[in-house]
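One chain follows as structure tokens, the form predicted alone.
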Amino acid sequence: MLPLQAVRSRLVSASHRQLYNLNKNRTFSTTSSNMVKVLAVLYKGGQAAKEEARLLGTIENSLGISEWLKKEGHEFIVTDDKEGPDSQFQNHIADAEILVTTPFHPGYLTADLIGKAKNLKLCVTAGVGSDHIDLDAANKKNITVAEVSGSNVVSVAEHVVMSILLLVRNFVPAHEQIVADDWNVAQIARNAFDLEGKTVGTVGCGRIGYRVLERLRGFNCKELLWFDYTDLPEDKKTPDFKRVDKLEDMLAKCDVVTINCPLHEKTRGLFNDEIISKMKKGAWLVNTARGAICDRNAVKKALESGQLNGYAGDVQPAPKDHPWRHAFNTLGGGNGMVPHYSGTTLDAQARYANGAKDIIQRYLAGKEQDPANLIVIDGDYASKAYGQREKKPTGQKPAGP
């Protein structure tokens, strides 16, 4: 494994090479030599966005960069219309030079669309998680993909802990009793437990997974376990957190499993019927990573059979007929699904809006990017957060904070 300094040097060198290539081959979307077309796919905030200006991830407030870009003479297109060949997203991607998206209303940049995007040079994820972009296709066209590293890690880690507690303490059915003008302590208490003395494991021990374990220290859990293909840095290793070499071994021991790994080819559909069958019977599963890491039908069946006692999901938008919306355990509880908001608190929105602006500013000024934000650059992966690959840089996202 390369020393950290060598990794950083390689990334900075790659960034310099990519800047040279971008400036050498740059084509503009208009006849003005200084004008760049920027396309942003954001979600519609409606009345809430009008009343709360800090909802920066919305089309109404546009990451707070609309006036700046226009003042600088650039074209800025903002839309929430992203589905189908006639959508604003697909119409404008053809000549956009910069694409800005979020994980909360992702515009899926497929290989086909990348092939049609003749001017595209930079994709910016305002947040964390760039699996809505075909990264291999981006590499083939030397498109840089960057995200605002670390912008939501605290927000998501806090949400994970909250989700664990609401499942273990059987909170949602208890609250629903109250709003239904009911009061039946026994019906709730029969499936309510303490977190103390339980074993909790995280699949993925990167910046979020590690922070989850840190926050669980005070609950006096029996064991705090983690599984990842990368090791923790030496200064972050602690006997409080135990690494497990095989995923199945960790699942068999855990009362609670939390998924904190990116979606890529090796994690897609990871929690299927077979893997869930390896879990401790009656365990709780929390997924604040990506929905596609879990097989939707496998989770529903596991809840109905009692293999899982609860599932809490905070992932991408789900259609109205998605089975997780109405998936319950054998007692009619165990559903902690919410809209994908854990990483888009107002605090997180300020961080990822500022970070997205910084990435765009650096690009427009011809300055190198912060290596910590790079996912792919110069036709290669700059991060190993999206899986292990041969002959790739070690990456900027090691396990731990």
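When you see a residue number, it is the position in the sequence shown, counting from 1. Everything numeric in this text was worked out from a predicted model, so none of it was measured.
Omitted from view is the form predicted together with nicotinamide-adenine-dinucleotide, to which the following refers.
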| query | Hey, in the predicted complex, does G201 get a heavy atom within 4.5 angstroms of nicotinamide-adenine-dinucleotide? | reply | no
| So in the predicted complex, does V100 come within 4.5 Å of nicotinamide-adenine-dinucleotide, heavy atom to heavy atom? | no
| query | Is there a heavy atom of G343 no more than 4.5 Å from a heavy atom of nicotinamide-adenine-dinucleotide in the predicted complex? | reply | yes
| said: Whether F227 contacts nicotinamide-adenine-dinucleotide in the predicted complex should be assessed with a 4.5 Å heavy atom distance threshold; does it? | reply: yes
| request: Could you work out which of V128, V124, I133, V256 is the residue within 4.5 angstroms of nicotinamide-adenine-dinucleotide in the predicted complex, going by heavy atoms? | output: V128
| said: Counting any non-hydrogen atom inside 4.5 Å, which residue from L251, C205, L308, C294 sits next to nicotinamide-adenine-dinucleotide in the predicted complex? | reply: C205
| What stretch, of 233-241, 182-190, 260-268, 74-82, brings heavy atoms to within 4.5 Å of nicotinamide-adenine-dinucleotide in the predicted complex? | 260-268
| query | Mind checking whether each of S62, A146 and Q349 has a heavy atom within 4.5 Å of nicotinamide-adenine-dinucleotide in the predicted complex? | reply | no
| message | Pick out the residues of 137-155 whose heavy atoms come within 4.5 Å of nicotinamide-adenine-dinucleotide in the predicted complex. | response | N152, V153
